[in-house]
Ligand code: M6R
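Form predicted on its own, single chain, as structure tokens, below.
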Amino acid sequence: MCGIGACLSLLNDNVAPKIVKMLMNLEYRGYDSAGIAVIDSLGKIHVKKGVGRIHNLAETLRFNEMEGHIGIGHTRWATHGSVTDYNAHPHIDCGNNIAVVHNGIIENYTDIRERLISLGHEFKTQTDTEVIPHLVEEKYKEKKSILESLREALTELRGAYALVLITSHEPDKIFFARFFSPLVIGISNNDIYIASDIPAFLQWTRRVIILQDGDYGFVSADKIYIRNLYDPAVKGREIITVEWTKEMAAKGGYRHYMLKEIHEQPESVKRTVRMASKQIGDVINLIEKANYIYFVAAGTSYYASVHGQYAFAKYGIRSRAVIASEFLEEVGAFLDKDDLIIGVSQSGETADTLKAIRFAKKKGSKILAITNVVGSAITRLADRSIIMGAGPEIGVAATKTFTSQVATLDYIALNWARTHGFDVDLLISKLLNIDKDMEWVLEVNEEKAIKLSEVLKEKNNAYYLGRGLGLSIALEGALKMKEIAYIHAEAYPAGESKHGPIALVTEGFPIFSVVLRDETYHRMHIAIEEMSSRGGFIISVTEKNDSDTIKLSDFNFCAPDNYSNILAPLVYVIPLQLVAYYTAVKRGLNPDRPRNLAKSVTVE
């Protein structure tokens, strides 16, 4: 949640223009307000901030004209405090000597704030973040070292934080700390960057240090100093080179990142399966030894996990998908050391998922992580990890990471099945070569999605129905329509639609039906006919030669034949992504920046 961008120029150039660009690269993480602080040549801190989008603020507040070769910036998604100019980051101390930007939540900020007020500190905002510069300021009165003052302040903070700090007391350094919220350092020949996500500085460098929980320190022109609050043996972190390129994170000629990422899915899934084949190692053994398997995830990752549950069940593997925020209450009492937790998270930093996994780890359960980010928090908690090959996903609404998660779970299920005597060689071969079929789905259905969006742009509600392996597709399709087109879309197991939801169906009510030619086929037809008889506008997604379903439908999208199996989401979900995207555009909305949402939800 929120975006942090900081830069130290090794050439003594003004860094504000680069920080602006970093924040624009991170605007998918938060966009209520933004701000920048720099230190000028005399060691004085200058802060500009306000409510609004970064490109507007950059013009009205003249961010690029700020002078200083060290600076920090932030784009905010509000948690504590309303969306106001005052509550925008950076925040400063009483003496205007310390400026801080922060992601996460300081849970005990009220107690700290009241104590600091009693000591004479004056607060100007409603945010939890503002306690940090004041707390460091108070510690500095005794320590006379920002590093030591920061370290002591960190021991008092409770909650989650990724924070970056500059100060006139030591104007040649940028200080940082991380606990639960992601923070990375980028290194180039000309600059050192600190950010909440790699795409912030990807256009300048692929050399990265991924900070871990408890890390704190500073960067300067001649040093990168890293220590850890909990492990005195830490004297630095490894520099890695990420495989992403700046072109992978750019729009590539598409109108929006989301559309680009929808079209990247053939390649990202192909790359993900190839990477999974090299990482699967003892994962099958973990499944073999598990008494019970729980998938833990949130949002789109949860719907991929629902698919995982159904896919595993096809081969006799007992598992259960649980929403991460409900995990403790739903299954916490039953966990033990013989259980396997499969944590699914695009960013590897989702707070609810991490909380559930930490709880399970204390119970002795084994942890398998599936994520898109090397070195993320979930990988450090896990006993084993599988890193997907989706590449950077900038659009807030997940698309290629969903299909990459599904592909990874399918690959695991099929390899387990093969070791247990199931004849799955054809499915494995199909998965390894699925990119061509995904490209076909894009080519055949895009114009259809544009045409249907003209109808849907006037609608306020829709149902998405599926059964068995089709349910997760319906769930994900409805989520996309809600997230970016702001149409109230609900997904149901088709058999449940007559137990209440059907009461809302009137003439022209959109009904998306995910129809697989498996054991659920005829029962899906019954649900379609029930909805159609009440005036529902039937939109089916089915195999291209399924003439019976097409006859029952007012509109249809096509999937290739012979995909009514665990690979179905990889081709069936694409038309639903496309129609959500084009409906949002027809409604005059920006699908890359849905209101009230952020890419990586690192708060509970």
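If you're wondering where the values come from, they're calculated on a predicted model, not measured in any experiment. Counting begins at 1, following the sequence as shown.
There is another form of this protein, the form predicted in complex with this ligand, and it is not shown here; the text below is about that form.
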| query | finding |
| --- | --- |
| Answer range among 219 to 227, 530 to 538, 340 to 348, 203 to 211 for contact with this ligand, defined in the predicted bound form as heavy atoms within 4.5 Å | 340 to 348 |
| Listed residue (Leu157, Leu479, Ile434, Val283) with a non-hydrogen atom within 4.5 angstroms of this ligand in the predicted bound form | Leu479 |
| One residue of Ser376, Thr167, Ser301, Ser181 in contact with this ligand, assessed in the predicted bound form (non-hydrogen atom, 4.5 angstroms) | Ser301 |
| Glu261, Ser268 and Ala568 all contacting this ligand in the predicted bound form, non-hydrogen atom within 4.5 Å | no |
| Interface membership of Ala398, this ligand in the predicted bound form, 4.5 Å heavy atom rule | yes |
| Any non-hydrogen atom of Asn103 within 4.5 angstroms of this ligand in the predicted bound form | no |
| Contact label in the predicted bound form: Ser196 to this ligand, heavy atom within 4.5 Å | no |
| 4.5 Å heavy atom contact, Glu130 and this ligand in the predicted bound form | no |
| Heavy atom contacts to this ligand in the predicted bound form at 4.5 Å, residues of 423 to 450 in sequence order | none |
